[in-house]
Structures are given as C-alpha cells and as structure tokens.
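Here we start with a single chain on its own, the form predicted on its own, put down as structure tokens.
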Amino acid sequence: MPDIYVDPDAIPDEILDGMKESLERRAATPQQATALQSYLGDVDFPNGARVLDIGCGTGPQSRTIAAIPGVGEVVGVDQLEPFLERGRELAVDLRNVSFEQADARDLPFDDASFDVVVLHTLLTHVPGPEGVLSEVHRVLKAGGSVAIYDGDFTTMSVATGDDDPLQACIDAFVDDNVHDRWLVRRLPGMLREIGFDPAATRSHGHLDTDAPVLTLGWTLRGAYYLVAAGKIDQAAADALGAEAHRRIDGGTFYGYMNYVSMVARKT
C-alpha cells in the first residue's frame, strides 16, 4: 500500500480520527516536546516574526511557536481540513495563530512574505520534496530560515532480535505512512541545490521502553495495515498486539527511531 498521506481523501474516517489523536499524543511526549524546543532554539526569530508552519496537522508546533517571545504571527497550513478544524479548536484562544488549507507544493502566499518556515515531519510524506523546498525558498524573505524536523525512517525498529515478528508491523507502518524513508540523509545536498545554506543539524533519538507511546502506536497501526493488505488475518494482528503488551508488562519492550533537525538560511 502507498503512503497514506499521498491520497488524503482516501483515508478511512476511523484512521483519520486516530491520526488526529496521535499527532497530539506525539507532541505531548517529553522526548518530542524537548526535540521541538531544541531545534526551535537554533532558529533566529526576528522581532515580530511571521512564521509559516507547513504540514501543521492539528497545530501542536504552531501553538508552541506562537508562544515564543517576539513571534508576531503563525500561519499553519495542511492539506487535511479535518486536521485544521481540530487545530482551530485547540488554538481558539491564540490570536496570533491561523490555519489555511493548502498543498505544500503550491502555497497561496506572496514571494518573500515569511521570516521563518517550519517543516515538522512533513517532507518524508511528500512526493517530490524538492517542490516543497522550492516553494519554501520562494515565500521566505532574504536571510530567512527554514527549520526541518523529520524521521530517519530507516532506523525505526521495535525488534529485539533477528526475525522479530513485531518488526513486520513497523515495516508495514513505514510502507503505508512514509513516501521516502531515506530523505533526511539527502537533505543537506537538496537544500544547497535550491539555494539554502544549512546552518545547524541535530540528532534527536526517540526511545520507548517502560511506557511506550509512539512506537507502540506504530506497531499497532502496522498490524492494522497488514490485515488491510491481506497479509495476515485479524487473529494474527490481535496476537501481535498482545505480544507488544506482554513485552511492556514484562519490561522488555524496546522501540526506537532517530529524528533529525536541520536549520538553513535562504542565501
């Protein structure tokens, strides 16, 4: 099955509802919240900065950016209107945050109209990410910054040994949620070709053991995709889920993925 984000209109309602909840749960985990604060600290936000958050989802990072001293306005865009509806509900008290539906490869904004652009877990889901980066370059002011945060999906794992059955769930999750699992490894070169000067790069490993949130969710979602693809039946999916919870209860669960952040200036 292809990356689920490539055809958003085809996403089943029950999956879409789960995705909205998952975005907020992910943002609330201490590791992800710390990573966001870490890479945003590498960004030079001018006083009164106008910030564009592309692929904002339900808006957790938009709300965080809006609270940074000196930030004047945050505009969050996403192609999924149900995400934006939830984002508006959660940011109803924030006067400097707004949301618009848009395709990242064809932004409805003027040239040089933003000081900072944020791409938080977006690029690996987009066919032709160069088109997104070109649009980012267009809407950024001279000297403006783009902050990119995404997963190195080649590192996603819950395996504790060779041929671990739970890893099949992870592989299915990546296949159905990621368009290009290798993207972050090529990003520095892509940024330079488009006209950016990469300035700061960080690694943000996400490890789940005692109380997994992200990696357990990836595992259970992957089991769902395996059933949907006809590779296993529901009984097998239930058994995989039970095995994941058995490991959690026994203190032997291990889930990991490395995230990467890059900040680059428009030259």
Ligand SMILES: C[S@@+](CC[C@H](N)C(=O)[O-])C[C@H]1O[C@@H](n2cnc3c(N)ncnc32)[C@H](O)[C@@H]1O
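Predicted, not measured: the structure shown is a model, and the values here were computed from it. Start at 1 and count along the sequence shown; that's the residue number.
Absent from the display: the form predicted together with this ligand. The rest refers to it.
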Item to complete: Considering only heavy atoms, tell me if Ala168 and this ligand come within 4.5 Å of each other in the predicted complex.
Response: no
Discussion item. Can you tell me whether Pro60 touches this ligand? I mean in the predicted complex, with a 4.5 angstroms heavy atom cut-off.
Written reply: yes
Worksheet entry | 4.5 Å heavy atom contact, Phe83 to this ligand in the predicted complex | yes
Discussion item. Is Cys56 part of the interface with this ligand in the predicted complex - any heavy atom within 4.5 Å?
Written reply: yes
Worksheet item: Among 125 to 133, 155 to 163, 86 to 94, 181 to 189, which stretch has residues with heavy atoms no more than 4.5 Å from this ligand in the predicted complex?
Response: 125 to 133
Worksheet item: Within 4.5 Å of this ligand in the predicted complex: all of Thr219, Ala242 and His245, by heavy atom?
Response: no
Worksheet item: Looking at Ala172, Ala104, Val75, Ala147, which has any heavy atom no more than 4.5 Å from this ligand in the predicted complex?
Response: Ala104
Worksheet item: What are the residues of 239 to 261, in order along the chain, with a heavy atom within 4.5 Å of this ligand in the predicted complex?
Response: none
